[in-house]
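In structure tokens, one chain follows: the form predicted alone.
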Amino acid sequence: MDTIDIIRHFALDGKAVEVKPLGDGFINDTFVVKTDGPHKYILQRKNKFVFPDVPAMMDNIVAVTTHIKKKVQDPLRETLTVVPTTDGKYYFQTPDGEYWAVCLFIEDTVTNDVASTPDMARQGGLGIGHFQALLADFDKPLAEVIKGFHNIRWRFVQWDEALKANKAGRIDGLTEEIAFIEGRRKEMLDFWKLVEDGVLPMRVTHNDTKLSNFLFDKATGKVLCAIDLDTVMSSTSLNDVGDAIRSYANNTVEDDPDYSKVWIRLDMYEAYMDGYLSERKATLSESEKEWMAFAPLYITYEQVLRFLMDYIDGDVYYKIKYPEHNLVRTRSQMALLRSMEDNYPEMRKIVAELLAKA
């Protein structure tokens, strides 16, 4: 089926007259749909290999966006609007087994690829903080659309299997990197146990907090809403913070082969945390506040483990540009984590001062 045939199965306000590709997504195929009615739409083919239960994923998205719509002034602009099919489902499955979904196109918005300034980092913090604050009282169960996502106990199961299998025969040259992982194993498991024991409460988390997953209002330049909600699940809200800091506050790119350039920029860290906590601190528990500064260390460690594990497995998960790419990624993230560890007392101090602000 072509995209025009597919879009006809959705309850649009008007007839589709044009479907064009939008962007270069790594996971989903995305199209913008023009109609003869008042709205444009976004059509996506959902990746059933990354998301093996697309119906459950769409249920998550609808539940979360429905909750948000009850709390905002402009429900059509301040969150996604999922468009049902003509038979009332929130996805359409083609005869070849592909899943498609549609949402309303939000007009007069722009996206930004990277947080290049502290002000942009602060906007990112405002975005995820506002998203989480709107959902702080959300109490419905959400499906686990990606098994073990950010669960370090599950990652260690995979890691131990990777070391035992040594599929690419690369372990002998990785003594330092493996020792780096093993030397922090207990610390990371101790943190995750706080989640398992409920000390850190389960919340709605976005789980893909890169800046391009937020729409900015074209007129004001301010962050408007979170998009790309495919990875929305239940976890500790600290995961979103850690993931954002890992990318926003790195002095360079995550795969820079010049490790001397890799460190955490505390100005970007403080700007992000200022934005995030200004939206979120009223709905955080005391344990979340206590462990907030540790979140970037946890997520960065997990990424070190995942890059190195993929290198050991023979580069089967992450796309690589050259044979040692995953090893370079590993070492670059190791350098970032060391910088975070060195600056951890200052990171805690910044969080404490921001929490104390009126």
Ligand code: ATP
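Given the structure is predicted, the values throughout are model-derived calculations rather than measurements. Counting begins at 1, following the sequence as shown.
As for the form predicted in complex with the named molecule, it is not shown, yet the points below apply to it.
- Stretch 39 to 47 is the answer when you ask which of 288 to 296, 39 to 47, 308 to 316, 58 to 66 has residues with heavy atoms within 4.5 Å of the named molecule in the predicted bound form.
- Heavy atoms of no residue among 130, 347 and 352 are located within 4.5 Å of the named molecule in the predicted bound form.
- Checking 54, 27, 320, 328 against the named molecule in the predicted bound form, a heavy atom within 4.5 Å turns up for just one residue: 27.
- Residue-level contacts in the predicted bound form: of 203, 210, 155, 281, one residue has a heavy atom within 4.5 Å of the named molecule, and it is 210.
- Interface residue remark: residue 17 is not counted as part of the site for the named molecule in the predicted bound form, having no heavy atom within 4.5 Å.
- Although the partner is absent here, residue 166 lies well away from the named molecule in the predicted bound form, with no heavy atom inside 4.5 Å.
- Contact annotation: residue 106 falls within 4.5 Å of the named molecule in the predicted bound form, judged by heavy atom distances.
- Using a 4.5 Å cutoff between non-hydrogen atoms, residue 111 counts as a contact of the named molecule in the predicted bound form.
- Residues of 334 to 357 that come within 4.5 Å of the named molecule in the predicted bound form, judged by any heavy atom, do not exist; none qualify.
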